[in-house]
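Here we start with a single chain on its own, the form predicted alone, put down as structure tokens.
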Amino acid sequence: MIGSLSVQEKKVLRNLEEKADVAKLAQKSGMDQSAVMRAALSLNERGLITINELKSSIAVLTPEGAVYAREGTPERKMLVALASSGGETVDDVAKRASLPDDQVQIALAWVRRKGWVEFAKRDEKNILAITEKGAAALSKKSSEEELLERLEAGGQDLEWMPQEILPELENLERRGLIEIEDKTTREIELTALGREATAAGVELVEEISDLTSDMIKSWMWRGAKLRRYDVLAPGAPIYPGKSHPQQQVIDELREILLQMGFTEISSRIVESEFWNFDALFQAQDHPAREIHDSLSVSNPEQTKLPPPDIFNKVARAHEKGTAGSTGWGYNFSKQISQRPVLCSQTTAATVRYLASKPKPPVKVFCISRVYRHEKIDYKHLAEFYQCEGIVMDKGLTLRNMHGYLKQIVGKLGLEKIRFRPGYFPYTEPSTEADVYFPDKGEWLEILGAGMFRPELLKPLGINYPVLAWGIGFSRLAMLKLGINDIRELYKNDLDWLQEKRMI
């Protein structure tokens, strides 16, 4: 074991007598403190020493306190100036003492508080006069001044300070002349194995750790002592480049859907209220359109509308109904439809795509960011990812929907799934899916699904059933990555990002 130690580690052992703090050991061994700590950590891993941390509080001067300790306190300067004049106004004494403007009131307050001066009347002027206590103070420094001088030489450990000067210490801290800082001292102590090693003798021999080509060519290696290596010693961790953990979840889900024959489409950041709400048969006075739910955009002021045929059919569906529905019974507004908003749901992208592909088969998905005026907490963000998919074909039923969802969830490694009735504004029938997580021992909702309502499909010229599902991607990412707060994904915690394994 001794033979495998580095020169620095041997120096620490040779100069360590039972125990010593790092600073003293560095001075004794001729090494800097960082080198001593590196060697000590290695010796600690080998069981030769222990490292103890001793915490204490020390009093140190602030910049203002350092000036007072070096040049004298303002009250001392005022007292000395007053003694040389025999009594003057505050302004005259301050001028004689060469006190800066910001120190005059400080000096006056403290000479009066300490009872060194008093005001007297002379020629109808208020002048300062020295009291007996002040005269006595001229020949003797106050305990606060003595403490400032002691601290000027270096910080003082509170544990070793006499109890009688602690009130002065508190006064100086209140005046902002000192600060109390926490200090950590590391003490290195030999273990039984370390004592045995030092008793056996630790010889300092210059060793070569890197065998260079020049040393081999010149045969220098034959007379050199090569340092022994422990091939089983753990190396430093390596963090290769990798995708962000959330991106890994996105890529995994994307790969599953592509394998199942889906085609990926993209959504828009800025969307019209027509595609974001109107085309989904959501009334123009619905609460979700208010400023507290969706985020409006001021530039551009208006967005482009779809072809007149689609726009007019959607407007009639809202006003008078379609496919057996009576509609919402209000006057549909073109101006509202043209208003731009930040896309609040990826359904806008899938419905826009459906309008351009009204004939089956259609099988697409979208993974994109959406934006809502949410109150940010551990499970809500104003900007987050959504994943949505649709399937259109002849004869599709809710049973087909459940089959798709079981396959998707199973490929994500989630084996147990259950379905229950649900409600969503633009699907009927609707279903919600819960997945069982053994680690948590509970069922958690992970997605919602349903069949698009005819009030949505008919105005777009679609005469076939459409299955639609949406995965709560934030919930999925939290569960897959084992975190309890969605904000952890965006903290840029380098340690977490480096150590998080690929899922």
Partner chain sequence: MPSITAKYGDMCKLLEKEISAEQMRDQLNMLGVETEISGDEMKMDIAHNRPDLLSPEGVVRALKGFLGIKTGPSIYKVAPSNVVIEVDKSTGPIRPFIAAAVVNEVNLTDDIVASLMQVQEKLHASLCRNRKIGSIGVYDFDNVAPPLKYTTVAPEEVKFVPLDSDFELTPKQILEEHSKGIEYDHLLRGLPRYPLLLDSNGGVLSMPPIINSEATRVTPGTKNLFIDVTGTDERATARALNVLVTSLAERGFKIFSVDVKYPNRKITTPNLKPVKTKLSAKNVNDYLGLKLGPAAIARVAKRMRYGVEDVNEKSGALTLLAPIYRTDIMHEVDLIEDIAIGYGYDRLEPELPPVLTIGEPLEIEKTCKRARLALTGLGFMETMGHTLTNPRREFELMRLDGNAVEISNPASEEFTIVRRSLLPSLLSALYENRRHPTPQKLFEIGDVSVLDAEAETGAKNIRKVSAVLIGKDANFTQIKAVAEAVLREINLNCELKVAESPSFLDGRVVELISGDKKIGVAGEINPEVLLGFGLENPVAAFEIDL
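As the structure is a computational prediction, the values presented were derived from the model and not from experiment. Residue numbers count along the first chain shown, from 1.
What comes next is about the form predicted together with the partner chain, which is not displayed.
**Student:** Hey, with the partner chain in the model of the complex, do Ala35, Arg195 and Trp221 all fall inside the 4.5 Å heavy atom range?
**Tutor:** No residue of the spot touches the partner chain in the model of the complex.
**Student:** Classify Arg46 as contacting or not contacting the partner chain in the model of the complex by the rule of any non-hydrogen atom within 4.5 angstroms, answering yes or no.
**Tutor:** No, Arg46 sits far enough from the partner chain in the model of the complex that none of its heavy atoms falls within 4.5 Å.
**Student:** Quick one: does Tyr378 come within 4.5 Å of the partner chain in the model of the complex, counting heavy atoms only?
**Tutor:** Tyr378: no contact with the partner chain in the model of the complex.
**Student:** Can you work out whether Asp495 and the partner chain are in contact in the model of the complex, taking contact to mean some heavy atom pair no more than 4.5 Å apart?
**Tutor:** It does: once the partner chain is placed as it appears in the model of the complex, Asp495 has a heavy atom within 4.5 Å of it.
**Student:** Would Gly327 count as touching the partner chain in the model of the complex under a 4.5 Å heavy atom rule?
**Tutor:** Yes, contact at 4.5 Å.
**Student:** Which one of these stretches, 167-175, 98-106, 427-435, 187-195, sits within 4.5 Å of the partner chain in the model of the complex when only heavy atoms are counted?
**Tutor:** The contacting stretch here is 427-435.
**Student:** Of these, Trp110, Phe332, Phe311, Tyr385, which has a heavy atom no more than 4.5 Å from the partner chain in the model of the complex?
**Tutor:** Contact check passes for Tyr385.
**Student:** Please pick, from Leu151, Leu342, Ala137, Ala355, the one residue with any non-hydrogen atom lying within 4.5 angstroms of the partner chain in the model of the complex.
**Tutor:** After the contact test, the surviving option is Leu342.
**Student:** Which residues within 405-423 place at least one heavy atom within 4.5 Å of the partner chain in the model of the complex?
**Tutor:** Lys406, Gln407, Phe419, Arg420, Pro421, Gly422, Tyr423, in sequence order.
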